[in-house]
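Take a look at this one chain, the form predicted alone, written out in C-alpha cells.
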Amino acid sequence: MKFAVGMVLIDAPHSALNMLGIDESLPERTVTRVKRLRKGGLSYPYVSPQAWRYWWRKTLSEHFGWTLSPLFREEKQVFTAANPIVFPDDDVFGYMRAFKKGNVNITVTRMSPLKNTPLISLFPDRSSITADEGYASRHEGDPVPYTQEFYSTVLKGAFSLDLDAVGRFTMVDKAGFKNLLNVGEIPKSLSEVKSEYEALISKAKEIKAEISEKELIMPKEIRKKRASETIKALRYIFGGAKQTQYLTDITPKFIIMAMFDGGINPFISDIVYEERGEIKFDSEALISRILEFNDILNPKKLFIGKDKGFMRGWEDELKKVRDSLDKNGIKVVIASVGDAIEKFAKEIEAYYG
C-alpha cells in the first residue's frame, strides 16, 4: 500500500468560500452565515470537504482536460456513470450507483482513492469573522438591509491519495470493493446494463487493461497520469463561492508532502497552529513525526513548498527541519509551492515505473 499524503495552508484574507446560507433562526432572515466547526469551546470557520473536492475535480477538468463523468438523477439520488475506465474522476473520486429494474438491484461502489479533510480555519471565529452590513438599493422604494459574514484567516486541509488503488478496480462482492460487475452476473432483465458493461469491458480490452476474474488493472501510463495530475491540480486549484465580492486565491501557500507505505497522514494535527493571534510552525513536531514513521517513509524524502510572501519568519524553522532530517538520512526538498508539487508528482510517476 503506497499513499501520497500532504497538508496545505490556504491564505484567505477576505473570503466567503463555502457559506451556510441564510440563518433561519433570526426573525429578519437577512443574515448569511459562515459554516462553523466547534472544537474545545471555540468555533472555527471551515470549508466543507465536498466543496474542496468539487474545486479539485473542476480544476482537473479545466486545466488537465479530464472528461468528467456525467451526472444522472433518479428521484432523490444523484450518481455518476460509475465508469472508471472512461472517466478518470470516477476512478479517483469514487462512486456509488445502483442498477435496478423491478426486484433486481445491483449496486457498484468505489471507495475514493483520494481522501481529504475539510479546510478548517486556524483562527477561531471570534478573531476571524466579520459581519458586513449592506443595503440593496438599486430598486425603487426603501433600501433592503442584509448582513453577510466573511472571514480573514488561513485554512488548513490535508489529503491522502492511495496510489495502488488508482486505476485498479475490484469485482469482489464486498461493500466498497464491488467497483465493477462481471458481465456474466448481470441478469437478462437488465439488458441495458449488460450492453453498457460489454462496452466498458471492450474499451478496457482496447486499451490493454489487465482483466482477471476479480479485478481490472489499467495500463501503468494511465494510472501514472491520473495520479500525478491529481496532485499537480493543487498548484492550479480554483473555485469557491462569493468570488465576485471576496476574490480569493485558493492555491496553497504552504504545502508538505511525502509518500508512506500505509494510510497514515502525520501532517493533519498541530504542525501549524494559532497562538495569540499568530500562526506558528512547529518544526520539532514535524521532525518528530517523520522520524516516528521513518520505517514506512518511502522514498526517504519530504517535500515542502512555501510561497515567498507567506509567513516570512518560517525560513529558519524549515532549515532546522532539513538539517535535522538530513542527519537521519531523509532528504528534505524545500522549494516554491509549484516546484515542490512538480517534484513530488515526479516521485509519484516513478512509483508506477
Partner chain sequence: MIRVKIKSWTASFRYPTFQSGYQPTLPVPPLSTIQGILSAARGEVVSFTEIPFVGYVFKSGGRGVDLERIYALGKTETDVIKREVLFDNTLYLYLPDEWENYFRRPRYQLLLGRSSDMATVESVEKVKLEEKTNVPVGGTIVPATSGLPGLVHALPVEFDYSTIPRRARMARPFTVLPFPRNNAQRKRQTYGGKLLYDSEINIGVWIYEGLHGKV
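Positions refer to the first chain, counted from 1. The term rigid core refers to the most C-alpha atoms you can superpose between the two forms while keeping them within 1.5 Å. Keep in mind that what you see is a predicted model, and the values were worked out from it rather than measured.
One more form of this protein, predicted together with its partner chain, exists but is not displayed; see below.
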Candidate stretches 237-245, 274-282, 131-139, 167-175, one within 4.5 Å of its partner chain in the predicted bound form by heavy atom: 167-175
So, T251 and its partner chain: in the predicted bound form, are they within 4.5 Å at any heavy atom pair? no
With a 4.5 Å heavy atom cut-off, would you call A350 a contact of its partner chain in the predicted bound form? no
Is P219 a contact residue for its partner chain in the predicted bound form, using a 4.5 Å heavy atom cut-off? no
I'd like to know if N265 sits close to its partner chain in the predicted bound form, meaning any non-hydrogen atom pair within 4.5 angstroms. yes
Among A81, A158, I186, I201, which has any heavy atom within 4.5 Å of its partner chain in the predicted bound form? A158
The single option of E292, D326, E317, E62 touching its partner chain in the predicted bound form, heavy atom within 4.5 Å: E292
Can you tell me which bits of 47-70 touch its partner chain in the predicted bound form, meaning any heavy atom within 4.5 Å? S48, P49, Q50
For L26, decide whether the Cα shift between the shown form and the other one is 2 Å or greater, given a superposition on the rigid core. yes
